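Listed next as structure tokens is one chain, alone, in the form predicted alone.
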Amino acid sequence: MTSTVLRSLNQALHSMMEEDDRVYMVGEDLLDPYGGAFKVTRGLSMAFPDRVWTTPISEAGFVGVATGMALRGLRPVVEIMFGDFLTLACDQLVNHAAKFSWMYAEKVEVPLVVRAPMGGRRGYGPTHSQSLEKHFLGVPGLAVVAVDPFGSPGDLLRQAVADRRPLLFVENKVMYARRVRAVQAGRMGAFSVRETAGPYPTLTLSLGEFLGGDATVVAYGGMAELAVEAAEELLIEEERVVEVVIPRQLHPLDVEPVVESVGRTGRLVVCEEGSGAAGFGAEVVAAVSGRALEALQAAPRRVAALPVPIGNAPTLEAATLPGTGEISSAVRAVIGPARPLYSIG
């Protein structure tokens, strides 16, 4: 049976808690039969009643408790019910968990994972639909990783729990229901795939066998699937060859796969679901400009949400958040006028 992102994450948590009694789950409404707001923790409290802790509405409190647990050698996995509420635990993450190892001359470690369901397209409105991970990018000592439906989300979570650093694990809410698309023998459907080494590999997908292309699109998390859809549509409808680079570790960012792709295509589009100002896209454009400015044949384009709160109404939400249309338009803008599909001579 083909797995979904939700099932992959849930199975990974079950197996990790079975294998390692240092792994704990901490968060709001985790107990069965509810099993968490998005059911990622379903079944865990029945199987491991002593290691699934349901908490009051107190993000600062339970992230602080989990930080202490990590300092004492446990492997706590915190669930923030909605990623928007990470703002309530910002002090614990930025001023405590991220700094303790450095403050104590690396004699302590903080292997803390904070899972954060992010993103919109569910009609939850302005305070339950945001993508706030950009506010945690660049914090020294805090890693930021984003899941996508390509490869195994559960394996990515396993790597996060095994990590020795405090880590923010971003899960796009729409992605939970998506089918996992496996990468096998360097292929994923019509795409050729290259994968970097390391615990959080960056994927580069090409419909042109990495022999060149018209543009590079960088996207992560929930936007990765939209970027892949846009690449497929542009090839079919306009014969445009787009490479899609999908980083999993957003910070610290390995920009080398992006630089390599831009070296083949000469053009760059960066996508994120959150608002664009001072965001992930800005960091990628700056990093690529510093490394491969001579390779860029056009000014990079950024695709992001509008700088306004996200409405509940589907029409308002769709108008605020970027989709495949915005990605395709940005690709066309960096490439220039479309080539004629047929020539008459």
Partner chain sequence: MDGGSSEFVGPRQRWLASEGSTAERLYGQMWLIREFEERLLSLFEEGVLTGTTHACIGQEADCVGVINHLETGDVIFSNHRCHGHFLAYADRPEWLAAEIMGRGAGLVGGRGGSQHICYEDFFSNGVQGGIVPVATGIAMAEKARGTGRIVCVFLGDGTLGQGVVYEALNMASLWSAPILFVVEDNRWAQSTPVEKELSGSMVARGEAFGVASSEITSTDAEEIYGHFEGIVAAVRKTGRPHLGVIHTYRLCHHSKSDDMRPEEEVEARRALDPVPLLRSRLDEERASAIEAAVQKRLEEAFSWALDQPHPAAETLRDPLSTS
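All values reported here derive from a predicted model rather than from experimental measurement. Numbering follows the first chain given and starts at 1.
Keep in mind that the form predicted in complex with the partner chain is missing from the display, and what follows is about it.
Checked against the partner chain in the predicted complex, the candidates F100, F150, Y176, F82 yield a single residue with a heavy atom inside 4.5 Å, and that residue is F100.
With the partner omitted from this view, the residue of R240, H128, H96, K134 that lies near the partner chain in the predicted complex is H96 [heavy atom within 4.5 Å]. Just one listed stretch, out of 38-46, 312-320, 64-72, 287-295, contacts the partner chain in the predicted complex at the 4.5 Å heavy atom level, and that stretch is 64-72. Under a 4.5 angstroms non-hydrogen atom cutoff, the partner chain in the predicted complex lacks V161 among its neighbouring residues. When contacts are judged by a 4.5 Å heavy atom cut-off, D91 counts as touching the partner chain in the predicted complex.
Contact annotation for V108: at least one heavy atom lies within 4.5 Å of the partner chain in the predicted complex.
At the 4.5 Å threshold, heavy atoms of P252 reach the partner chain in the predicted complex.
Taking the partner chain as positioned in the predicted complex, the residues of 27-58 that bring a heavy atom within 4.5 Å of it are, in sequence order, W53, T54, T55, P56, S58.
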